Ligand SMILES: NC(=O)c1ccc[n+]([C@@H]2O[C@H](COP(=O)([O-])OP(=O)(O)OC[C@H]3O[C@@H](n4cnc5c(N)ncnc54)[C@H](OP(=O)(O)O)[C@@H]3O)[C@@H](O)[C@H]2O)c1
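Below you will find one chain, with nothing else, as structure tokens; this is the form predicted alone, and questions on how it binds or moves follow later.
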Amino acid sequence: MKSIIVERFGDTEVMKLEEVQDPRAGKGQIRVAIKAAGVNYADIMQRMGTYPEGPQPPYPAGFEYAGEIDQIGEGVEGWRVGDRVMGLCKMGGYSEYTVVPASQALRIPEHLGFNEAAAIPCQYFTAYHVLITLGQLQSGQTVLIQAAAGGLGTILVQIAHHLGARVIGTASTDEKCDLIRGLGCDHPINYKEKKFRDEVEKITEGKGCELIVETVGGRVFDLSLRCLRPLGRLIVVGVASNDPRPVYGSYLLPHNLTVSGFHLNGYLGNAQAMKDAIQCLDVWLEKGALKFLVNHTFPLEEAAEAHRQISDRKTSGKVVLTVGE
């Protein structure tokens, strides 16, 4: 099969399309013929060697897939060859096939295509758990979402809006601000034109936000922390700037602030939290309340270009690799 292999840490030239051995479904596993692979910023960090506890090269890139079951291992019940599934895999999402535990696969809703389905597993569950399980966001509260026009950001905006929160989101262009406004962002901020901290101060009348979702790091983290109101919570989901910042207790203590890190793997084993997330997903999809915006698709062999465009902030919504077309 064809697979994108990261040969060493570095820029996009380290990604190579190679022929590797087809995997086989073992006991309790299914093999999925991948039709679409989600591209996430975590993939870029892994490639660069900056992702905490990430894979060591050489490794097959990608961890998010949507496709059809084409092989079923011993002891698997409830699935048939041809069933459409989506989910997360340890590695090898940028491939023609992946093998995963049958218990971890999710059925694709009938009305969704493979490209849309590939936008769900990582970013929906991240957004849900960040806002609800960990963030405890409530109706009437104010949330600031950094990089709100990206794949994760657009889902965060929609869920926060459906929860009844007041949503502030940052983006790099007026066009992206228009996009997130249409998804329920009450106050889009073009951070290239305005200082987001000053804007948050105006919007909240100096009170600050109950919750902030931070994905950038560096100076953005520093300023975000100062946008929290007393008893507020800041959740770090990523460090796109590759500039992680320290947190000083001397600032947290008098304001009773909480700074939390988030990694999806830590929540996948929480059966109740995942059940709640899936139930909400089913309800929101049935109502048409969530839009999974796949605004950019690339064939598998152009995975490097997909990484470049995300890094250059030329994308909005989800980026997907199409496989086998």
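Because the structure is predicted, anything quoted here is derived from the model rather than measured. One rule holds for the numbers: they count along the sequence shown, beginning at 1.
Keep in mind that the form predicted in complex with the named molecule is missing from the display, and what follows is about it.
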- Verify the flagged residues 3, 97 and 298 against the named molecule in the predicted bound form: is each one within 4.5 Å by a non-hydrogen atom? no
- Note on the structure: In contact with the named molecule in the predicted bound form (heavy atoms, 4.5 Å), from 258-266, 22-30, 65-73, 286-294, is stretch 258-266
- Flag residue 93 as yes or no: does it have a non-hydrogen atom within 4.5 angstroms of any non-hydrogen atom of the named molecule in the predicted bound form? no
- Can any non-hydrogen atom of residue 45 be found within 4.5 angstroms of the named molecule in the predicted bound form? yes
- residue 204: heavy atom within 4.5 Å of the named molecule in the predicted bound form? no
- Message: Within 4.5 Å, heavy atoms only: does residue 241 come near the named molecule in the predicted bound form?
- Response: yes
- Message: Please identify the residue among 133, 172, 104, 138 with any heavy atom within 4.5 Å of the named molecule in the predicted bound form.
- Response: 172
- Message: Using a 4.5 Å heavy atom cut-off, which residue among 86, 147, 185, 209 comes into contact with the named molecule in the predicted bound form?
- Response: 147
- Can you name the residues of 125-164 that have a heavy atom within 4.5 Å of the named molecule in the predicted bound form? 126, 147, 150, 151, 152
